[in-house]
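Just one chain follows, in the form predicted on its own, and it is written as C-alpha cells.
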C-alpha cells in the first residue's frame, strides 16, 4: 500500500489576514479544516498512516487531530524547528516512516478530487521513482509546468515562466519511492520543485506524470479559499470528509455543522458553511460565506461573500460584504 506526508508548515502569507492566528491548513472550508478534507481523501485511497509536517503554529494541530484514531487513521507529527522548504520538510517527516511502502506527499494548499488510488497504481505499474499528479489549466504562467513524452514520462520540470511550453502543471500531489526521499539531504533547506524534481529528471530517474482533469484548486488566496468552500458544499468538489463528520444539515445551498443554532427566519444560501456552535439570529441573511465555530450573528444582519472567524460576535443589523471579520476587526478581502 502507501503511507502519506501532508505538508502543513507554511506561513500562509497569501491568505492574510485569515492566517493571522490560524495556520492555513486549519482554516475551515465547508465546515471542516482544510487538513480534514485532505486526510479524508488519503483514507479513501487506502492510506491510513500520515505524517503531518508542521512548522508555523504547529501546536494547533494536535489538540484537534490527536493520534488520528477518531478519523480512522494513524497520525504522526514532524515539527520543523526552522522551515526547511518543501524538500527538507518531506525528508524530515519521512524519518517517522518505514521504507517498505510508497510515500504519498500532499500539499496543504490544494483541494483535489483526482483519483489518488489511480495515481498510486500508475506509479507501481511503471516502477517509478516519482509520480506527479498533473492537471491542465488555461494559463500556466503562475505554476510550474511539466512537459511529458507519449508514455507519460516527465521530460522537464519548469518553474513559473512568462511563456510556458505546455499548460500541463504540477498539481502538488506526489508518489515517491522511499529510496528517492532518502537522497534528499537531511536537516537542510531544499525545494522539491526547484531542486529535487529538476535533478531527478536530468539524472534520468523514472519521473512520471499522472494526468487527471478532475476538480483541482490552489486555495492559497482568500478568494480561492472561499471558492473552495463553496465548491465542497455545492458538490462541485468531492466532500468526502463531510460523510463522517457531525453535520446538522447539508444541501447545495449550505452546510450546517452539528451544534449550530439557526433561527427559522434566517436564510442561508450560496453554498455557505456554518461552523459548530454558531448562533444565527432572526432575519439574518448569509450568502456565499464561511462562518466559523462559536460565532454569534445578531438579528437582521446580512453577510455576503465573507469569512467570519471563530468566536466573532456580529452586531444586529450589520451589513458585511467581501470582508474578513475577527472579534471586532473587519478587513476587506481582495475577492
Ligand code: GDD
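Predicted model only: the values in this text are computed from it and were never measured. Positions refer to the first chain, counted from 1.
Absent from the display: the form predicted in complex with the named molecule. The rest refers to it.
- Taking the partner from the other structure, the named molecule in the model of the complex has a heavy atom within 4.5 Å of a heavy atom of residue 89.
- Interface membership of residue 278, defined by any non-hydrogen atom within 4.5 Å of the named molecule in the model of the complex, is ruled out.
- For the chain shown alone, residue 107 is a contact residue for the named molecule in the model of the complex, at least one non-hydrogen atom being within 4.5 angstroms.
- Using a 4.5 angstroms threshold between heavy atoms, residue 83 counts as touching the named molecule in the model of the complex.
- The partner is absent here; in the model of the complex, the one residue of 193, 212, 231, 129 having a heavy atom within 4.5 Å of the named molecule is 193.
- Among 254, 170, 112, 119, the residue placing a heavy atom within 4.5 Å of the named molecule in the model of the complex is 170.
- Residues placing heavy atoms within 4.5 Å of the named molecule in the model of the complex fall in a single listed stretch, namely 214-222, out of 68-76, 214-222, 201-209, 242-250.
- Residue 143 is the sole member of 122-143 found to place a heavy atom within 4.5 Å of the named molecule in the model of the complex.
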